[in-house]
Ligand SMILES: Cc1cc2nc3c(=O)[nH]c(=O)nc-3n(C[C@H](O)[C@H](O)[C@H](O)COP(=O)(O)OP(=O)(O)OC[C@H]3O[C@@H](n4cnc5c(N)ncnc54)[C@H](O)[C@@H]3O)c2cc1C
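Only one chain comes next, encoded as structure tokens, the form predicted alone.
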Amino acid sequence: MKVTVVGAGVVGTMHAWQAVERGHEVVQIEREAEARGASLRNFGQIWVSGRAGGEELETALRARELWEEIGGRVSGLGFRANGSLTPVRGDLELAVAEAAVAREDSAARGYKLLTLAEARALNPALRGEFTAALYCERDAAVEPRTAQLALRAELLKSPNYTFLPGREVREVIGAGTVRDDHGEVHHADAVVLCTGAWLGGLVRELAGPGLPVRRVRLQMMQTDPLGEPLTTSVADADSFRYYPAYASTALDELNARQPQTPTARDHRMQLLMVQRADGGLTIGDTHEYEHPFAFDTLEDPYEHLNEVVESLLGRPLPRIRRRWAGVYAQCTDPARVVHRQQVGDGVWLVTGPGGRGMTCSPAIAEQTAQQLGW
């Protein structure tokens, strides 16, 4: 079988990986020299902890298995099973953590409520004051700026894989056949469009105006090396408000009696923090849904994140090395993990995983392969 994958972000690259693993001939086409979208501009978190129960959690757990399996073969992914801690303060936040631990699927996630002393023993960098912490053993991390490069280097070892950068697919001209902007025609048994947040042009033409996917913008930053290990990923209690796993009467009480600060509320913020291989910290994030997106980044969210991080670390944050904004595609139905649609004869569109993209991409690609009979 011949497969054409359009898009070289993490979702597209995992589709190429699945096809090559099954012995198929794959051409992967990317309009940039390398992918530059949300696949690089993220935390690199394999984030199981906050996923909705049912299909979303099952997808995340399967993806977690696949990430570890692939990471054992491709060291450049930087895969590490570091887990996560969400420190909580006061009875209201503690009650939300307790409700999470009481879930029927708590064991599958590796949830455990730790005392202050236990949390600090697990992650000694957390010297700030908090009451307790929710631990999720199944969370993990990879290096987002190098993961696709490492995967591609491994794919290029196969004679069945071809990478064509700097080309944009402009039209579908027949069953499984596309033409790029170099005028070259690519014939395949299946074409998979993994175009990320690029929802215009050919995608709009093929999928029509009712595509149930929206674009979301976020702001993030990265610091100089911390100078000590941050042994787990870290979230704050505002993450309880954004992840479906934490829905409970305890969360309703938290929202009613202890709302977010105005800055966090206005920018729909939570803290997520991961240490990079060089020791720096990736810190975020915000959520912006209204179009058109601003072209600039705003300082108030960064100042808020600085305060939250320093309160948990109990020390000043290292110098901010870089700041950036990213845009990802998200299904408008929150119950859907991804939008997968046949948009032509032998042509499928796979998009809209939202903030689940880095976490779930291996399993999303595996599901596509199974559905298409690869």
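Predicted model, so just to flag it, every value in this text is computed and none were measured. Quick note: we count residues from 1 along the sequence shown, nothing fancier.
In what follows, reference is made to the form predicted in complex with the ligand, a form of this protein that is not presented.
- For the ligand in the predicted bound form, the listed stretch (103-111, 251-259, 83-91, 165-173) containing residues with heavy atoms inside 4.5 Å is 165-173.
- The shortest heavy atom separation between residue 44 and the ligand in the predicted bound form is within 4.5 Å.
- Within this chain, residue 150 is remote from the site of the ligand in the predicted bound form, having no heavy atom within 4.5 Å.
- Although the partner is absent here, residue 359 sits close enough that one of its heavy atoms falls within 4.5 Å of the ligand in the predicted bound form.
- Interface membership of residue 49, defined by any non-hydrogen atom within 4.5 Å of the ligand in the predicted bound form, is ruled out.
- A heavy atom within 4.5 Å of the ligand in the predicted bound form is found for one listed residue only; from 340, 36, 315, 336, this is 36.
- This chain lacks the partner; the member of 310, 58, 68, 32 within 4.5 angstroms of the ligand in the predicted bound form by a non-hydrogen atom is 32.
- Using a 4.5 angstroms heavy atom cutoff to the ligand in the predicted bound form, none of 213, 365 and 372 count as contacting.
- Along 315-329, a non-hydrogen atom within 4.5 Å of the ligand in the predicted bound form is carried by 326, 327, 328, in order along the sequence.
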